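First, one chain by itself: the form predicted on its own, in structure tokens.
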């Protein structure tokens, strides 16, 4: 069985032969550790594939990972002071509600980057202003949502023309331990947006993968209703027990292991964390995938320990 076949057996609850595992290395992590990190990557071809030494440009960063400022196609100004990590939006083109009325989204296809719907709203308005909009519910709130959604639906149409097996989306919906807006307002204003986009994916035969940082427990059922097939939630912001309660068996969980603690744990803590996650969320029919993102503050020994641990537990059978 190929990795792709096993992956979709896991996402489709089709009895995979092993738990799919991934380790992501941020550009800043490569820039910090360089050849030493390359040695670890070559130790674990099952995770990283075959790696050719020297094939990584340690200091080559793209887009919002570059130091400095730039303006995206929506008119949002990004600033990056930590090259190799993602920048943030510091300039919002719609600071006043009246600006929304005359705003036109980009013409043509510019892609669906991370932060394509909810985050795009506060990129455009500014976070505080958007939160006030959700509290007061002026007509401009729905106007802006409709304009962003219309553009996104066009992007999805372009995406599914290629008939992908899976369409990947990323939108951080939660804060560290709560939703920034009330779940009822999320269901009223945002769930219909995701549902329309994801329906187009399903109609084209594509599974829907959605990454979301932050606390999203209260709306996981709604994300499933909207059409999410594979959910990538954070352990630290949601809790294993809560994820088991609301998501296990209902949606495939590509579990974002607790990267906020990787810099501070010992290798033994890392193994205990993965063991707990697998024991709580594993089912023979599938539905569990494991993902670890490594930032530059994670010690090399912990990166190696995570790879070793994932290799150990990928064959877990209960």
Partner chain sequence: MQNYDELRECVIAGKKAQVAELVRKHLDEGKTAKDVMDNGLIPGMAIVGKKFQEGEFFIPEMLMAARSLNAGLEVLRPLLEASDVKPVAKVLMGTVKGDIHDIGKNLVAVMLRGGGFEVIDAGVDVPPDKFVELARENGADLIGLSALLTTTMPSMKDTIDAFQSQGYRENVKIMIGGAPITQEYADEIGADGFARNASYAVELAKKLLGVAA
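Residue numbers count along the first chain shown, from 1. As the structure is a computational prediction, the values presented were derived from the model and not from experiment.
From this point on, the text means the form predicted together with its partner chain, which you will not see here.
Close approach of residue 264 to its partner chain in the predicted complex, 4.5 Å, heavy atom = Judged by the heavy-atom cut-off of 4.5 Å, residue 264 is in contact with its partner chain in the predicted complex.
inquiry  = Can you tell me if residue 128 lies within 4.5 angstroms of its partner chain in the predicted complex, counting non-hydrogen atoms only?
reply    = Residue 128 belongs to the contact set for its partner chain.
Partner contact for residue 181 in the predicted complex: its partner chain, 4.5 angstroms, heavy atom = Yes, contact at 4.5 Å.
key: Non-hydrogen atom contact residue 101 with its partner chain in the predicted complex at 4.5 angstroms   = Close contact is absent here: in the predicted complex, residue 101 is far from its partner chain, nothing within 4.5 Å, heavy atoms only.
Stretch in contact in the predicted complex with its partner chain, which is absent here, among 271 to 279, 284 to 292, 253 to 261, 38 to 46 (heavy atoms within 4.5 Å) = Among the candidates, contact is made by 253 to 261.
message = Give me the residue from 169, 186, 134, 74 that has a heavy atom within 4.5 Å of its partner chain in the predicted complex.
response = Result of the distance check: 134.
query = Looking at 85, 148, 219, 230, which is the one with a non-hydrogen atom within 4.5 Å of its partner chain in the predicted complex?
reply = Here the answer is residue option 85.
request  = Between 286 to 306 and its partner chain in the predicted complex, list the residues on our side with a heavy atom within 4.5 Å.
outcome  = Sequence-ordered list: 295, 296, 297.
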